[in-house]
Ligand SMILES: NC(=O)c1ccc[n+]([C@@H]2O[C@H](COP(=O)([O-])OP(=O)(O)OC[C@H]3O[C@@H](n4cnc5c(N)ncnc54)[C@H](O)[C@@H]3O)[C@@H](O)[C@H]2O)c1
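Shown next as structure tokens: one chain only, the form predicted on its own.
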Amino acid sequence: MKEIKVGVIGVGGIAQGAHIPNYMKIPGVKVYAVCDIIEERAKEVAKRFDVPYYFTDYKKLVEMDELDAVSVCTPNKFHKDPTVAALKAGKHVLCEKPMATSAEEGREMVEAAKKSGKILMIGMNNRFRGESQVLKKLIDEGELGEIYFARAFAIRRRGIPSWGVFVRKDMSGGGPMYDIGVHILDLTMWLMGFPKPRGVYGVTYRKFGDRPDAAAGGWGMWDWKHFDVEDFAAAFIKFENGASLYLEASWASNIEKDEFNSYLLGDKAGARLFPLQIYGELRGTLVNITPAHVPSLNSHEEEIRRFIQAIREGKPSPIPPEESLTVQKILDAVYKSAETGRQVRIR
């Protein structure tokens, strides 16, 4: 089995906590190079994980003939350029979510993948959780029937990131909708069979993030002086097949508790994803069905494993980049609708 050598661009928390250690778990996979604009951090991470090479310029990393694949773990603003450069250099790419900061950037990434013939996968790891895999199988086998409506929530009472550049629009593109809303949006649409969006009505609010007197909760105080994104967003999405989806994302809101969940309504049964439960009828009686066992999967580990498996077996991306581009179009539409106060059509 040929050894697969991987480079990692951006060595912050997600690289050190999810990408590098999970590549190291797979036999025949070697993290061969890392890159970060902060040289000391790149050097330290290379030493910590026994990585042979480190760089401060991603262009030098992607030019390495030895590399087969690259993980892009930079802030959102810097997803597109390293991804396109790596694809043009003949590398497979696993890029962290969200895909980019605009659909225009996302299109460039998809086109680069098509021209290169290499895999482009966006890191929507929640598809690989045990509950997600079980519910998707039930849906695909028709147990819920036609899914006509869904509700999706990625909401926190107080959970504004107190590290990184999440709170800066120029670096992240948006607030909780980009950070955690994108996860539950992608996951819910995947469960629904990824229907084509037709129109989006969205709203955004900033009520806590730029206030020094706002309660911080357990996450600590954030950089409120540079906070210029939303701290709450909601959207109503209509699909071409007649189905619709209501979406909420927040870092701070006066609610009882945090929730990351999807609720799906089908004409045969409905479902709640976390914890997984099915709501339906059995011979004229309403029943709630709770699985006795759901596989316990490390979603990041499974994401990395599927990426490497696709490379080795010459299969398409486990998450089609066209689906990630559709999600990016919806994100664009949410913000445009919030700005104009009107529904935004998606082509």
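Owing to the predicted nature of the structure, the values given are computational and were not obtained by experimental measurement. For every residue, the number given is its place in the sequence shown, counted from 1.
Omitted here: the form predicted in complex with this ligand. The next part is about that form.
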item: Options 198 to 206, 164 to 172, 231 to 239, 213 to 221; stretch whose heavy atom lies within 4.5 Å of this ligand in the model of the complex; value: 164 to 172
item: Heavy atom of each of Lys25, Glu301 and Arg305 within 4.5 Å of this ligand in the model of the complex; value: no
item: 4.5 Å heavy atom contact, Gly13 to this ligand in the model of the complex; value: yes
item: Non-hydrogen atom contact Lys91 with this ligand in the model of the complex at 4.5 angstroms; value: no
item: Partner proximity in the model of the complex: Asn76 to this ligand, non-hydrogen atom cutoff 4.5 Å; value: yes
item: 4.5 Å heavy atom contact, His183 to this ligand in the model of the complex; value: yes
item: Residues in 18 to 48 with any heavy atom within 4.5 Å of this ligand in the model of the complex; value: Cys35, Asp36, Ile37, Ile38, Arg41
